[in-house]
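Single chain ahead, written as structure tokens, the form predicted on its own.
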Amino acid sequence: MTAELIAVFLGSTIRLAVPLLFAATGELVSERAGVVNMSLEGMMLMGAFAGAVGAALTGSPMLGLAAAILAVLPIAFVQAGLTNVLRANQIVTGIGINILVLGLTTLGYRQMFGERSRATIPGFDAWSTPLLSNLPVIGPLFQQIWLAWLGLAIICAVAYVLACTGLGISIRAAGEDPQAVAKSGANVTAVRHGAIIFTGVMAALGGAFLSIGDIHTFTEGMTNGAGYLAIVAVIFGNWRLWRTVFACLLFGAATALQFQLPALGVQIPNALLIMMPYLLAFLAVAGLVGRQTAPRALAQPFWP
């Protein structure tokens, strides 16, 4: 593999991993608080759609990004209400929301852009970091849109909050022993509400990255399982932030190979390349990448 192809591969890996990093970071916080947010796929898809519509109508990708967040927040509130107030099954409600959002975005897409439209919409452009973007081989790593750097900043902030603050202790304790948190005077329901809303914002950023940050258009079901992969990345990472980040990068690299191996003349069936990220996901869920230790109260409703 030449240095040029390595550079392209590294740049593609980061670009393809960023949406997963946003969504998986939010999901990690939610699951550490005890909530499996299966509606992550629907949140990302709504973020991608609302971001595209907002950018198309206003001509501003920043307003499109704001529209993505505003459109996903109601879904997060519904998920929080079903999960924490009504104590509905977290898996079933999440999948139901995903199906509903898929239908809504498909209908909205066809009404606004046309059934077969590939209309280009305003989006964010990549910018080069001075000096660093000119480095050999690793230069493309520093040629990303600003959302990628925002994602890195958020990941560092989440790592600090979870490890070094009282809020982080409350979040982690809500997923391990919510009754003990309640006895300490903290509001478990409020902590879990906040974790789900944070997940919604992160999913909106990840979805918007796909539509107005990466390809500058929207297509039906364009998340293509990215929300589920983000959930698997949390499992793959054993509910640890930096291991989850590594899992997202690994999935991004597996996806990037779909484009790099044919360029190298490696003849592998395209279907096999497409399934690589999902094969890794299967190995993670099956526990073949090591013993998984989930938060003890994960997916369990809290009864005060």
Partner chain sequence: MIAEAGMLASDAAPGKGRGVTPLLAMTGVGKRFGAFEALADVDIAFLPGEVHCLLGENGAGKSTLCNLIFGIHAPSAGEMTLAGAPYRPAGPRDALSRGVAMVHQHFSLINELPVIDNLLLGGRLGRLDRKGEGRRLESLAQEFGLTLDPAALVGDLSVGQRQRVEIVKCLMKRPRVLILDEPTAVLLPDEIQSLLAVCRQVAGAGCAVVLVTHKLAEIERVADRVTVLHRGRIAARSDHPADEIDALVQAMIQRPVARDGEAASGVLALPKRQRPTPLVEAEEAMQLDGVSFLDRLGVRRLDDITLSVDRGEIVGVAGVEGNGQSELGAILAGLMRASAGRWFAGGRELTEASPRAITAAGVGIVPEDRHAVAVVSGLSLADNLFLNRMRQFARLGLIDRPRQRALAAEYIRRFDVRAEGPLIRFGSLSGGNQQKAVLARELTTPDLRFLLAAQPTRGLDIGAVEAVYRLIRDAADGGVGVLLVSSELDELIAVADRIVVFYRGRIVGERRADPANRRTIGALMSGQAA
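Residue numbers count along the first chain shown, from 1. These numbers were taken from a predicted model, which means no experiment stands behind them.
The following text describes the form predicted in complex with the partner chain, which does not appear among the structures shown.
Contact with the partner chain in the predicted complex, judged by any heavy atom within 4.5 Å, is made by just one of 128, 120, 165, 224: 165. The contact residue chosen from 182, 197, 159, 112 relative to the partner chain in the predicted complex is 182, the criterion being a non-hydrogen atom within 4.5 angstroms.
Contact between residue 148 and the partner chain in the predicted complex is not found at the 4.5 Å heavy atom cutoff.
In the predicted complex, residue 170 approaches the partner chain with a heavy atom inside 4.5 Å. When the partner chain is considered in the predicted complex, residue 177 lines it closely, a heavy atom lying within 4.5 Å. Mapping the unseen interface onto this chain, residue 152 falls outside it, with no heavy atom inside 4.5 Å of the partner chain in the predicted complex. You can rule out all but one of 103-111, 68-76, 185-193, 226-234: in the predicted complex, only 185-193 has residues with a heavy atom within 4.5 Å of the partner chain.
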